[in-house]
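This document starts with one chain, in the form predicted alone, laid out as structure tokens.
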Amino acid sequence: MRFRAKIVDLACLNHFSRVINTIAKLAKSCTLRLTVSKLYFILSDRVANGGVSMWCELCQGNFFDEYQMEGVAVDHNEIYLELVPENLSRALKTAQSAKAVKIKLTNKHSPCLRVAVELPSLSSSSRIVTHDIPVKVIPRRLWNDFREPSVPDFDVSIYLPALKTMKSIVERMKNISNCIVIEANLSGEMNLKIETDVVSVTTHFKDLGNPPWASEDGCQSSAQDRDLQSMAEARIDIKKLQQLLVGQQVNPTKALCNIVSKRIVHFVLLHEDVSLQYFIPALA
């Protein structure tokens, strides 16, 4: 079992750092799955128990100049590690003007991801700052706990408004209520609502557009037979939504959400080489 990778390109390094910063804001601890072509950051708090879950996927070729990975076995050529993303985020903060960053799985006293940051120096010799990030190797028998969550059979799928706009609205609403209702329909309309005994506030968005989802047989999900004006809604913890909006540094080119009425809201942020899925369960 071996893993080593190197980033030289500064733009790739900064982009990778932004993704890791996002993960660190969304999860105290997560699973890093390494395959030959991709890296995955996975948080699988049981949605059934009220926890959020996250699935972030990166194509290694778009970030790393060198990438070597040998999995636990020839027929299971993958590695699963448990780590605290904040530790990786902190290590990468020292790399903002680095000449190169090397990441390697080591096991001197216990398993670690070693992040070696080569910094520019006035002399001919370079300075290297090394961070050892403790990891736990997840045994093969537990891998099935970390499979990609299936896209729920949603009632409505809709593109999100500008995330900065959403963030400032949700931050203001958070001062009034602990939960927020997200509702949307297939006519490109979405509302954010809070209600207390004293006040009710609704922000309306229109003309957002609905993604053209298609299933294997070429038709849309359960949404296809739905009345276009009919709203699907879910009431969720406003702090969990705010965490996503404040934490995301992926700066997606596309952002959408799928609503399963009264059950779950599934957010998808897409940026060329990164996809981030975030699931927030509905409150009873």
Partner chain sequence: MKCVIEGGNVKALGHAVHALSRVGDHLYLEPSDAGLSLRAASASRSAFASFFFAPLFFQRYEPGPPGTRCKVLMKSFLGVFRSLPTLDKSVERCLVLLRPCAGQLVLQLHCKHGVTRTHQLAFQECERLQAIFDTQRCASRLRAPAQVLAEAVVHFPQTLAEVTLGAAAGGRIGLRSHLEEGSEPGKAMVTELWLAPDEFQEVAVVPGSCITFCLKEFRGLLSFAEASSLPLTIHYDDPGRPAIFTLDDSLMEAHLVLATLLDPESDSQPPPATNGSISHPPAPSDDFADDLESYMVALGSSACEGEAGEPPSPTFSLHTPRPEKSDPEEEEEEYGAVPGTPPHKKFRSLFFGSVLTPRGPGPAPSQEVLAEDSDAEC
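Numbering follows the first chain given and starts at 1. Worth saying up front: this structure is predicted, and the values here are computed from it rather than measured.
Just so it is clear, the following notes concern the form predicted in complex with its partner chain, a form of the same protein that is not shown.
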| query | finding |
| --- | --- |
| Single option in R147, K206, H109, H76 placed near its partner chain in the predicted complex, where near means a heavy atom within 4.5 Å | H109 |
| Selected contact from M190, L83, M173, A91, since only one has a non-hydrogen atom within 4.5 angstroms of its partner chain in the predicted complex | A91 |
| Contact segment among 139-147, 190-198, 98-106, 159-167, judged by heavy atoms lying within 4.5 Å of its partner chain in the predicted complex | 98-106 |
| Partner contact for P134 in the predicted complex: its partner chain, 4.5 angstroms, heavy atom | yes |
| N87 within 4.5 Å of its partner chain in the predicted complex, heavy atoms | yes |
| Residue contact check: S126 to its partner chain in the predicted complex, 4.5 Å heavy atom | yes |
| 4.5 Å heavy atom contact, N178 and its partner chain in the predicted complex | no |
